[in-house]
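Only one chain is given next, in structure tokens, and it is the form predicted alone.
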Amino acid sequence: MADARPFHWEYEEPPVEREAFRVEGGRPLRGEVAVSGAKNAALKLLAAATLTGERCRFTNVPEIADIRVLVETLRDLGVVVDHPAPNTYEVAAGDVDWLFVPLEAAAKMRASFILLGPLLARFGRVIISNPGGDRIGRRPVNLHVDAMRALGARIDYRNGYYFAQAPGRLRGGTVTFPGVTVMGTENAILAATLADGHTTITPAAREPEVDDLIAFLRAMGAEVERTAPEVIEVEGRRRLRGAEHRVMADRIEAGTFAIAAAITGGEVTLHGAPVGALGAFLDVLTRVGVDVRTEGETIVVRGAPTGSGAYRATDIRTDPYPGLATDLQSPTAVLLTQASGTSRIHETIFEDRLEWLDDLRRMGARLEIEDAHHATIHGPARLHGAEVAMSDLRAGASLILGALAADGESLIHGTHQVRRGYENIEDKLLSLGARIERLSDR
């Protein structure tokens, strides 16, 4: 399927796994933060640009490690990716003759699998590795593979790689998922845009990042429409054109900084926040008793004084959008350690996402992990500095939150985890008055 030439992997990430954050807690955060572009939107948008040979331009792209990994993967495929200014990328996929996504890319970032749909639809073939990503539970890609097969693809799995072919052209059809899958929905949409005929996708994920992708595809000339809350219909086109798009703001980053203000008893104003996409999260903050106000794309969070016992315990449950995002569950757990009473967490999306709570317990949190999906938190707890390690992206950010609220100094290993998904998190926290320092991890 692919030319038998040696594969050259150009991306060399610095030895960030040997770095750590030293955080001195107990300081209220105050100031203003501009919310960066959404990681979970930008990655899919860059992949979508391979659906055309014309140039696509993206602004408000977060400068994070996951974006760099995908950019270098695209370049190795033969795609021209320019970076003319900070947060701006231009993609031109005129000649893509090396249709192979290697293990190196997949091991660094699960989202590399989003290239399956667009490359298969446009070029008729691709070899792509079984992906890696965060260790937060099973995230099977068989749903993506089954979606491609529903559109007429032939896919074999050998030695850790999927060998996919679309004889002639993908054909429109009905893609029915057993449950909501965000990236599965996105892969199906991307494949269907160039398929022959009409495609119906159900249940289609309702996440705002999916609708951001749809907006870009429509600008490219694709005929994609959400005809019901969980139904997306696509009429395939022969070709698409280049387009320009501004990446939506990152609702997970916005939520993380909102909690940073709340748990430190500070006051933070978030500019350019996706307020309309944060309904379930803002409802949790209100139930807990956090003073949060919104106006347009601005969120102002005023935290209660540390140790005041002003916050109320509440139960939370993660769900597909418009429910509480699973990526905001771990930051919210830190807030619940400061709430008076017993709070319960029900994680419905991933079965290993609660394991990081053991590290929060080392900081003094009083909690029990009941099983893979349930935990109980008793508060308020006086957190103290500790030495911990980041196990994944969102847990890493949450450990930083815990350290900011804690008495004393914390050492948090594995800074590369947060660098994957938070743009300049260290600088943003410093601008709010946090005491955080990056160290060589010896």
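Treat the numbers as computed from the prediction; the structure is a model and nothing was measured. Note that residue numbering begins at 1 and tracks the sequence as displayed.
Below, we turn to the form predicted together with a small molecule, even though it does not appear here.
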| At 4.5 angstroms, heavy atoms only, are 30, 306 and 338 all close to the small molecule in the predicted complex? | no
| request: Name the single residue among 224, 357, 220, 143 that comes within 4.5 Å of the small molecule in the predicted complex, judging by heavy atoms. | output: 143
| Which of these residues, 237, 171, 110, 125, gets a heavy atom within 4.5 Å of the small molecule in the predicted complex? | 110
| said: Can you tell me whether residue 52 touches the small molecule? I mean in the predicted complex, with a 4.5 angstroms heavy atom cut-off. | reply: no
| request: Please check if residue 410 has a heavy atom lying within 4.5 Å of any heavy atom of the small molecule in the predicted complex. | output: no
| said: Is residue 212 part of the interface with the small molecule in the predicted complex - any heavy atom within 4.5 Å? | reply: no
| Even though the small molecule is not shown here, does residue 161 get within 4.5 Å of it in the predicted complex, heavy atoms only? | no
| remark: The stretch from 153-161, 74-82, 349-357, 263-271 that lies within 4.5 Å of the small molecule in the predicted complex, judged by heavy atoms, is 349-357
